[in-house]
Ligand code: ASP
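Before any questions on how it binds or moves, here is one chain, the form predicted alone, in structure tokens.
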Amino acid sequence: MKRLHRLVLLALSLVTLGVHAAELPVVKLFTTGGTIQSKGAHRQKLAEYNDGRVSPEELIADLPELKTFATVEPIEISNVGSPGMTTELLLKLAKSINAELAKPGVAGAVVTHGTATLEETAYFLHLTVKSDKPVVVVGAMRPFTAISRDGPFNLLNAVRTAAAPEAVGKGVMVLLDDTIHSARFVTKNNTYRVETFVSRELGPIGYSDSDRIAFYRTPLTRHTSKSEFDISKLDTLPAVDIVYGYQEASAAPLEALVTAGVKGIILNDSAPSFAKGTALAQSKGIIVVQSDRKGSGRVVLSERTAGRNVITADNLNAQKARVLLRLALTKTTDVKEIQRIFNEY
């Protein structure tokens, strides 16, 4: 009888576990690489870590705690450092996320990414994911093998956030150091520290605390399901480059880009020599957008700027302005219409 009783209890336990697993939200994990998936030669290697790559399966196996919050299903897009992200990979990633989030049983998505260009990929997804379901882009400042690694806890919190009903409709988010940022406003602020990601003027939208995922605001700019951009049939994007402004800046980069046949140019500051180069670019049908190198604050659309047919980037930094202009150019080359897009996104 005692044995029978134990077998009954075991069967009930297994049924309970099965029900619990069935009730867990499904979160898709899209891996692209970066520090969070890198290995160093030993545990004190915090800045040099090209001694191997971590697979999606290793990331999940390293975090049994994930099973408490979600059923995590991995999809590998790439395993490269973020400077190696290409248009092909961006489109592949966005299309894959759209396909998976369209499935009724999927609650949200997490993307692993290197931190150097993480904000660009996050903003691209913010503009091209066609779902209100949460998408959280996560990275790490220290490799998987480091004694003080931050990646696993960042990943755990990213999955928690992607599975949280409160995260629905917030657009694409970036999560490191327990802090949740909107992809529209976040930027990398420090080369080395774990608290590197900030939203300079407006601050984070929430926090991944131990008791709950706490949100305090939501972005008002257009994104995700309300975005007009459709990349489903695209296999490339228009070429757009950035020219840096400084004292005695040369117009040579502008002239070279005109010769190279780019479709758009982002000026990250003004310079006297840029006026002639801008006019040359515009004469070739190239769209020019004025951003700013300071990292915060709007570029105001003055009468002089409007009169020169130069678009202003609002408070987007140059790298994000480039992302938006590439997508805008898939819709139109009309200056006023592109300015409308920069005002809304």
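The first residue of the shown sequence is 1; numbering continues from there. Note that the coordinates shown come from a computational prediction; the quantities given were computed from them, not determined experimentally.
We do not show the form predicted in complex with the named molecule, though everything after this point is about it.
G81 is the sole member of G245, P204, G81, P219 with a non-hydrogen atom lying within 4.5 angstroms of the named molecule in the predicted bound form. Comment: the named molecule is not present in this chain, but in the predicted bound form one of T278, N317, T35, Q290 has a heavy atom within 4.5 Å of it, namely T35. Partner contacts here mean any heavy atom within 4.5 Å of the named molecule in the predicted bound form, and among 81 to 89, 248 to 256, 98 to 106, 208 to 216 they occur only in 81 to 89. Within 4.5 Å of the named molecule in the predicted bound form, a heavy atom is found for none of L29, L66 and F153. Using a 4.5 Å cutoff between non-hydrogen atoms, A116 counts as a contact of the named molecule in the predicted bound form.
Interface membership of M141, defined by any non-hydrogen atom within 4.5 Å of the named molecule in the predicted bound form, is confirmed.
Residues of 153 to 174 that come within 4.5 Å of the named molecule in the predicted bound form, judged by any heavy atom, do not exist; none qualify.
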